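To begin, one chain is listed below as structure tokens, in the form predicted alone.
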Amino acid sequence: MRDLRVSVTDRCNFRCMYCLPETEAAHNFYRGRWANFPNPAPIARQWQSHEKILTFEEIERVVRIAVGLGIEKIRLTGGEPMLRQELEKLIEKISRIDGIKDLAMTSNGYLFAKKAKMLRDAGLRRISFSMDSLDRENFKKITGRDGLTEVLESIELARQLGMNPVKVNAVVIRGINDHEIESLAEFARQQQLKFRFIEFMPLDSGRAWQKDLVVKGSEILQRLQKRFSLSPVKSDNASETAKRWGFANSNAEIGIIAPVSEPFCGHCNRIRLTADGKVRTCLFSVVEHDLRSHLRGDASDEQIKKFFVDAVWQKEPRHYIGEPQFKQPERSMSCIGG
């Protein structure tokens, strides 16, 4: 394990179809396909109370101990991490820990501009934004928020601040934004971005995921190869989740993350810490390991280390998507941390 994803909040200001499909547009889309579309769990019941969320000091301690065990990469996630008050203070604390080679964050970009320079100055070096559409109305349909302008401004600002690389992610859903695959790739080429297309995964609170909504990574690649001259990008990172291609005469890059059709479980090196202090060894874990009780008890650093090691030995062999024994996690992506 070399990669620890730390969720700093389970709250989010977007209602994306693939995570919290609670908007009328999401309901209309899913009900148009299935008459018995399940009612999504109200987000208010999913949010953790303030006292259950880990403090910055608790997160700092966990990260320091994890780095001592071999963790090299920290990515701050949510929910939407920008909703966590004084986030820059946490970034500053983490950036001072010896042994961290990479400190990054994933954000929907809507609030990023308000604190971008402060976050950079605190030690944030990389940022990934979610942007599933370049069409304002479709963006609003997917996310429940009229926020495309803010996201585009955040992408440009991150580049101006020297964050490198700036990555942009798009979850592709058939019948929703798959018609934009080529235009999103063209945007990446023109803007010299590293763009990731991600297969639609069963992590939505509405339990509305269906396999026929997944646009396979192979289909995405075939379409892009018809439009662009792409060359494979070699990687020395055996645990990388994306298969990458570069454009001719451009520093831009396309990556395809295909966990449903081409699982990469065998070389996964990630573990996750939820905002309320649970360790998850897989996005699709149905078991969570309660670290918060140890942090708030009298556990020593050595005991926390043992807790981590014991949890990692219970890491699932694979995610089981598409198999009879697959069970969708009770919590949606926003509550797990991506």
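Don't overthink the numbering: it's just position in the shown sequence, from 1. What you see is a predicted model, and the numbers here were worked out from it, not measured in a lab.
From this point on, the text means the form predicted in complex with a small molecule, which you will not see here.
Residue in contact with the small molecule in the predicted bound form (any heavy atom within 4.5 Å), chosen from Ala242, Leu148, Ile100, Leu203: Leu203. Of the listed positions (Ile71, Ala188, Val171, Val215), a single one reaches within 4.5 angstroms of the small molecule by any non-hydrogen atom in the predicted bound form, namely Val171. Only one segment in the set 246 to 254, 76 to 84, 157 to 165, 215 to 223 has residues whose heavy atoms sit within 4.5 Å of the small molecule in the predicted bound form; it is 76 to 84. Interface membership of Glu199, defined by any non-hydrogen atom within 4.5 Å of the small molecule in the predicted bound form, is confirmed. Contact check for Ser133: every heavy atom lies farther than 4.5 Å from the small molecule in the predicted bound form.
In the predicted bound form, the small molecule sits within 4.5 Å of a heavy atom belonging to Thr106. Although the partner is absent here, Leu4 lies well away from the small molecule in the predicted bound form, with no heavy atom inside 4.5 Å.
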